[in-house]
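The chain below stands alone and is given as structure tokens, in the form predicted on its own.
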Amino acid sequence: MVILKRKGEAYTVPAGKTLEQALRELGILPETVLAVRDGRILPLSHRLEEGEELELVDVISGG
């Protein structure tokens, strides 16, 4: 299993899916978050690996 953390909540998803697939299944629009592991941003094509923990950071824009 993989743990995705966002705003104090933790979501568990199965390993083997891409990050984009997992986000969509959780009802999170992939364009609205960045996935970070060990200080590095992961692409949506990243294949989730067993035991991973990723932090989801909301994308904020303004002007």
Partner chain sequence: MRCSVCGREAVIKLRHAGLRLCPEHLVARVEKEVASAIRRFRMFSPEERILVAISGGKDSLALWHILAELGYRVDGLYIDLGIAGYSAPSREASEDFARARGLTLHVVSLAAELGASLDELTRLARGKTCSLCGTVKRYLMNKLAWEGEYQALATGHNLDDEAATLLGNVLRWDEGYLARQYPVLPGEGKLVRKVKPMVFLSEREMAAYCLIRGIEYLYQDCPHAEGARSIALKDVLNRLEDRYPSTKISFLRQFLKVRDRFRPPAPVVLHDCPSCGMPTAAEGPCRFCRLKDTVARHASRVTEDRGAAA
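Bear in mind that the values here come from a model prediction, so they are computed numbers and not experimental data. Numbering follows the first chain given and starts at 1.
Only in words, not in the display: the form predicted together with the partner chain, which the text now covers.
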Non-hydrogen atom contact residue 2 with the partner chain in the predicted bound form at 4.5 angstroms: no
With the partner left out of view, is residue 42 within 4.5 angstroms of the partner chain in the predicted bound form by any non-hydrogen atom? yes
At the 4.5 Å heavy atom threshold, is residue 62 in contact with the partner chain in the predicted bound form? yes
Check whether residue 17 has any heavy atom within 4.5 Å of a heavy atom of the partner chain in the predicted bound form, and answer yes or no. no
Can you name the residues of 29-44 that have a non-hydrogen atom within 4.5 angstroms of the partner chain in the predicted bound form? 29, 30, 31, 32, 33, 34, 36, 41, 42, 43, 44
